[in-house]
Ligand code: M6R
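A lone chain, given as structure tokens: the form predicted alone.
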């Protein structure tokens, strides 16, 4: 969840490098931040504060000259948001500094063993620095760090530096850690945007691996104690994709990126798509799984496979998937969806499937991510960096790719491509200044409402759930999504005169049913916002979308992304960094 970034190299402004790079990781956590660096006399200097790194001053940091520094932006798990709990953590003897992403499950055991009086914070992380310092009484820095990494339980990625040592050491298990490589310079981070302006060449650390960076990096397998080689990978991203440009927020930029990202998502090797289609056709039990927005995408894909390919697939949220182990066999296939490719619950679902011998296919947005590397087969959705916490362009890219795969299973790959190319063109036309102005006017009309309800049917029911997520997470308005036909079984009791209700409607076989449900809401006094390719008399506001056929979930969810964005801005919220949330959920 947290963002970690370290630098070692020929430049003497390492503190400034990690300070600025940390801002590019703020979507991973923004409760507090800190920077630590090696001083000329070999000692460690430290600065940390409560609040967002984007609002912090460089004063006291950029004046320092150093070739080695590391930084951290926090999403609190253990201990409240205080300066003492902020990272980096310096050992009580002042010899070791550590930054950490993840959760150390056996931290209380170490605190008890070392003595509670040594600890100044409520965090689990502090045990790492204290243990390394303790073990350095008998071992060198490298061996002490290796011993600690082996003893920790839970998921972690940590980076450590020590006084008198001109090197940094890092290890990972379950949380992402990536090494950026440039001649004479090394960048360690939890995500690529931190160092993308410097290099696109990376080494990915896998679980139970450690790297020691002095003159050059040395990699070790913690299970075998052996030195290993790592393959250098070049990332197909450019620094401009990770910047806001002329937009006020990343969320709006990423919504507008959807003019291009649908086409990029379906620009796949046809042989790979057909190979996946064969996997699905030959499997005895196909499961779709993801978390949050990824889960809602998987729910919509259930309908895609049913309607397009006459194929039954099963959906389960990744956090619930392990119970399905009773039904898994070697001929089963699990398809997982994850923007970051680092989601903890998704990785656990994959582990459960693989223990049963099942195959795993993944759709990810980050090349070389843990989910991608752990899969038997993986496809990139090619959405480019997504930095706003609320997923937008990644979600529609995932929908597009799964719809394309469903067409391939049906033997209609070219029909699917044609449909999605036409849909992408329609989205490009839809996202014009007049459309955005109208959505903002709708937001202005409902911004003071405490509750909003969204209904959908068939593949637009999962989009009603996704719409609720978007409105909840960035505007903090209570929003709920329902299957339209379930209104009469309870939810309609929530509707009173003036309650905003959004209907997601398509030109499909359930059109008549959801119009009737919308009329029922109108009869109870609801303020109806119709998202549809046609106008209906029940609509108080009509948000016109293209008639995209079976691709309607893609075009219907985009206006709600915009509505959520404008509600957030009108309510004085930060749509990029909603409270209590972080972009990549790497802890359970």
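Everything numeric here is computed off the predicted structure, so don't read it as measured data. Numbering follows the first chain given and starts at 1.
The form predicted in complex with the ligand is left out here; the points below concern that form.
- Of the heavy atoms in residue 389, some are within 4.5 Å of the ligand in the predicted complex.
- A residue is said to contact a partner when one of its heavy atoms sits within 4.5 Å of a partner heavy atom; residue 293 meets this definition for the ligand in the predicted complex.
- The closest non-hydrogen atom of residue 172 lies beyond 4.5 Å of the ligand in the predicted complex.
- Though the partner is left out of this view, residue 470 does reach within 4.5 Å of the ligand in the predicted complex, counting heavy atoms only.
- Between the ligand and the residues 370, 145, 397, 338, the one pair within 4.5 Å by heavy atoms in the predicted complex involves 338.
- This chain is displayed alone, yet in the predicted complex one of 503, 343, 73, 125 has a heavy atom within 4.5 Å of the ligand; that residue is 343.
- With the ligand left out of view, the stretch that reaches within 4.5 Å of it through heavy atoms in the predicted complex is, among 278-286, 389-397, 438-446, 224-232, 389-397.
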